[in-house]
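To begin, one chain is listed below as structure tokens, in the form predicted alone.
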Amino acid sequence: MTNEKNVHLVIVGFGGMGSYHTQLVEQAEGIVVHGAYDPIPYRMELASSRGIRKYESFEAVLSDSEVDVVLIATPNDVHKELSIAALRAGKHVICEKPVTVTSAELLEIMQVAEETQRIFTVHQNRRWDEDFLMIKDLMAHKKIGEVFHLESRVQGANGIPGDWRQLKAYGGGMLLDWGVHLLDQLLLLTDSKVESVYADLSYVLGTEVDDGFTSIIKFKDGLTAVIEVGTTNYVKLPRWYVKGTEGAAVIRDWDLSGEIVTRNLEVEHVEPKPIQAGKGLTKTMAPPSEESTIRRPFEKVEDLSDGFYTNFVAALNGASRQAVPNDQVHRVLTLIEAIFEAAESRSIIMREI
């Protein structure tokens, strides 16, 4: 494929996320939204109101020789079926996350992509989130020394949104919804293998799928991580909390407010003074002296990488590797399965991932 013509993409599933992709495509060169298909009529009317061509069926999408790429943005349970059909029809495929409900299903898709020599990739968009890029930069440049513990959370108080996300048959639940993002980010922050997994899933809302979860993950290099998603949190904990050998850092929310606190290496150790804590005194929990620490804002970092669709077009033209390799996606699904297993068995799963 060359740059002589635009890549034609059709969106299958024109719900909230599917329609959002029209904005993402507009930001990239060399690719255009050629059309959309959704079995729900009002969604097709929405597409039509935006000047997007309507397809009468999924089969019509696959039979159109002008279609280069199919974007799958449907409920999770049919991702595999639709992706394989599109690949066998000679189309390249972008699939929304979670790509499949099980890691074995993804392997099936990858096999077909290899057989058909088509590109298959997953829209793991939060690899480009500014807060994640700030943490990635913090660790890469050892701004708080060697990081040995991190906590990554997203929390709200609105319950599980939508309808199918509350149903197990459709691959609903927060572990497969937000968890797939946070775990994908986590595995990009270290080259170490996972050593053990512990988890607890929340069912406070009474749905058949988890409305949140907490997982404690330990890596072979000693890094520990707490990954948490909640939909019943009226008071939220920080988005990121990271500890290193020379300090700590926090990003509080999506507004990227936060700070980095490090030891002042130019000042000798100052013995803390006891403070009144409740009905007793403590020296251990007293704050460090003001002169022995350095506080500075947690500044944004410049993202020099291509966006998802810019990279996708470059990959189609053989000018770049996929920004979201399928083996990395498979690793995330394998970790999710270990979390489900740990929660169900109420035990620590010792497994290299």
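Sequential numbering from 1, following the sequence displayed. Note that this is a predicted model, so its numbers are computed, not measured.
The form predicted together with nicotinamide-adenine-dinucleotide (NAD) is left out here; the points below concern that form.
Peer 1: To verify the annotation, which of these, Trp128, Trp164, Tyr203, Trp254, has a non-hydrogen atom within 4.5 Å of nicotinamide-adenine-dinucleotide (NAD) in the predicted bound form?
Peer 2: Partner contact (heavy atom, 4.5 Å) among the options: Trp164.
Peer 1: Pick from Leu183, Ala73, Val93, Leu150: which has a non-hydrogen atom within 4.5 Å of nicotinamide-adenine-dinucleotide (NAD) in the predicted bound form?
Peer 2: The residue in contact is Ala73.
Peer 1: Thinking of nicotinamide-adenine-dinucleotide (NAD) in the predicted bound form, which stretch from 119 to 127, 223 to 231, 105 to 113, 188 to 196 has heavy atoms inside 4.5 Å of it?
Peer 2: Flagged stretch: 119 to 127.
Peer 1: Report whether the minimum heavy atom distance between Pro325 and nicotinamide-adenine-dinucleotide (NAD) in the predicted bound form is within 4.5 Å.
Peer 2: No, Pro325 stays farther than 4.5 Å from nicotinamide-adenine-dinucleotide (NAD) in the predicted bound form.
Peer 1: Can any non-hydrogen atom of Val12 be found within 4.5 angstroms of nicotinamide-adenine-dinucleotide (NAD) in the predicted bound form?
Peer 2: Yes, Val12 sits close enough to nicotinamide-adenine-dinucleotide (NAD) in the predicted bound form that at least one of its heavy atoms falls within 4.5 Å.
Peer 1: When the contact criterion is heavy atoms within 4.5 Å, does Val101 count as touching nicotinamide-adenine-dinucleotide (NAD) in the predicted bound form?
Peer 2: Contact check for Val101: no, nothing within 4.5 Å of nicotinamide-adenine-dinucleotide (NAD) in the predicted bound form.
Peer 1: Whether Ile160 contacts nicotinamide-adenine-dinucleotide (NAD) in the predicted bound form should be assessed with a 4.5 Å heavy atom distance threshold; does it?
Peer 2: No, no contact at 4.5 Å.
Peer 1: Pick out the residues of 20 to 45 whose heavy atoms come within 4.5 Å of nicotinamide-adenine-dinucleotide (NAD) in the predicted bound form.
Peer 2: Stretch hits, in order: Tyr37, Asp38, Pro39, Ile40, Arg43.
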